[in-house]
Each structure stands twice: as C-alpha cells, then as structure tokens.
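The chain that follows stands alone, in the form predicted alone, written as structure tokens.
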Amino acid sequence: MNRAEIIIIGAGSIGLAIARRLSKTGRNIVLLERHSSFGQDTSTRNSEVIHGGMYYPTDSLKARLCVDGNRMLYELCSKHAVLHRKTGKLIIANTENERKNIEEIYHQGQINHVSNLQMIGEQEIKKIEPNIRAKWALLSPESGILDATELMRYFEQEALANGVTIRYDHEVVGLENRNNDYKVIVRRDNGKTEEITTDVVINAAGLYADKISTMLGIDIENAGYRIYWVKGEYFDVNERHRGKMSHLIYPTPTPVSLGIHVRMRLDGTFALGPNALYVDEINYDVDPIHLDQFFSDTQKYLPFLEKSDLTPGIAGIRAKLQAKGETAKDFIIRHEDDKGLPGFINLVGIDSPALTACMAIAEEVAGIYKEL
C-alpha cells in the first residue's frame, strides 16, 4: 500500500494551483487525475477570462478570492511569461433596466474593492469600441484574458519540481475514513486498482466533487453540496472580423450566467458564448440549432455580425450548486472536521470565477491546512 501525507483529487486549475502552493511545505503530496492530462473537464473549456470581481455578493468567497486572484494572476503571468493581456471589459446596456443593472454591478464592485471601475456613456464607448452598439457601459480596466493551458502547465511544472507526484489516468473510485488517516482507492487506465493511505485529502474534483463527498458519507442534499451540471456552448466568429474589438464585451448578466458575451482570444479572433443549459450527462458537442439564438442575442450589440459568420466551437460544463431557477451560491471551501472527517478539505461548487481565483483559492486551502 502506498503512503502520502496529502492527496489532492483533481488536476484542473484549482488542484494544480493547490499542489504548487502546498509543494512549498515539503510534504509528500500526490495529485490524482482521472484523465490523461490536466484541465480536461472544465479548465480548458471556458472563456479564459481574468475577472475583475464586481459581480459577486458582499463578503462572499467569490468576491474576495476573485479580487485577490486577479492581482496574483497578473503578477505571476508577467513574472513567468504566461501569455495574457489586460484587455479591459465592457458590461453594456441598451435599455433603462439594463442601465440600472450595470449601475448596481458598479456599486457592488466598489464594495468588493474592484479597482478603477468606470460608468461611461455612448460617446466614450464609440471612442474605444466603435464597432459595437451600446448606450451605456461599465468599464472594468482590470479584466483580461490568459492562456489557461499555459498557466496550468506552469503550475504542473512547479509542483513537479518541488517534489509533487502527479498521477494521470488515476480515477478515485473509493474513499474510507479510518479515524487516523484515509484510504484512497484509485482505478488506473488499465482497469487495475490500488490503495493509497494519506493524512489529508483535498477534494478539488470539480464536476465530481459531490461524488467524492458522498464517498465519505456526507449527505450532499442536507449539506447543500449537490452539484448541477450546466453546459455552456461557444460559437466561433469568422476570422474576417479579427481585431474589430479590443475589449471583452459582456451583456448584463442573468441569474444563471454572465450572458452570451464576446470571448476574446489572444490572437485577436473571438467567439461568442457561453449559453447556460442544465444537463444530466457530460457531452461536449455544440448543437448547431442554437446558432439562431446566439445570433439574435449578440446581433443586438454587435451589428456587424451576419448569421453566416458563426460556426460551432467548443463547449464546457460548469459545476453549480444552484438548481435551475435558484439564486447563485458561493464557493464551498472548508475543513470537514465538524462532520467527523478531520483532514478532509472540501471544495465544492467551484464555478466561475474559479480560474481567476485559482491562486487565491490555493492560499485559502493552505491556510486551512496550516490549522490542521
């Protein structure tokens, strides 16, 4: 039977950031990932945006960790040449109700200590983004984009250099609390299983974080840990429009998502998305039937678009804690000792802005680990 001091489940941006951060403690750390490489479920299937932090409720983990993570990401990307760009973001409004909504987001951003937010009008919008249609906008200069794969590769290499063992093609299929430690059962890609004992388990399993919690006897319904899968599709925009915008362009958000927005890429091309579809299975196909809705929603503020400009792109799945129709819920990041699980650090419902917050989340987990 193998032995570790810390086992981290899941090698997305969160698991890798935690592995890198805790590797500085000198502990014997094993990172387990069910896929053959990192970030295959969610972390490589998103908008790759560095969010500002203005959307999230006062004193929420999302607000604090997004604002802190924004600063930490820019510092790391600049220092270690991870591809990124501080593009800025415009959250736009074309009706009075939308204007009121973005004003509320502006005020929430002030409460959340988001830097340099500005409300601007049509004339100023035309100066910085002449190709879009908007009467008002909230400008977030601290928003941007990055190469998520490069970021995760940096985390991976740092963790490995500091002695972390990363085991890809190792799916956790069982967990047992043995009072003084944990037994983790993993299944390899060849179908064989093995057992690893550890003092600490960190659940960063993303889409399957509730399943991991269930393995240790947590009632996910009573605890509020049930994860709902929400699919987001993207449609690519014809390259003939490359460079027509320099900022991220977002509509006013909905209760489920930030809306179908302009997903800017580092090469100047862009896509539109994501939408938000509650699903019961993991499927990354993009349904072409949704093209009409994408065009209808975005042509309102991107008047240069033609329907023929859009083609199906990628899709991703978010791990949300709210059922359809419920209000958005905060991250869950906690030590489950009050559930009789000392040494089990649980991360559940880590959806947007998880990529932005990944380094701050790692610091949060490091603080919990220090107190064990």
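Numbering starts at 1 and runs along the sequence shown. Predicted, not measured: the structure shown is a model, and the values here were computed from it.
Although not depicted, the form predicted in complex with a small molecule is the subject of the following passage.
- Annotated contacts: T87, I91 and S143 are all free of the small molecule in the model of the complex [non-hydrogen atom within 4.5 angstroms].
- Heavy atoms within 4.5 Å of the small molecule in the model of the complex are found in exactly one of 153-161, 168-176, 285-293, 217-225, that being 168-176.
- This chain is drawn without the small molecule; in the model of the complex, the residue among K339, R27, H35, R334 with a heavy atom within 4.5 Å of it is H35.
- Mapping the unseen interface onto this chain, I212 counts among the residues with a heavy atom inside 4.5 Å of the small molecule in the model of the complex.
- Under a 4.5 angstroms non-hydrogen atom cutoff, the small molecule in the model of the complex lacks E364 among its neighbouring residues.
- Within this chain, Y234 lines the site of the small molecule in the model of the complex, having a heavy atom no more than 4.5 Å away.
- For the chain shown alone, R318 is a contact residue for the small molecule in the model of the complex, at least one non-hydrogen atom being within 4.5 angstroms.
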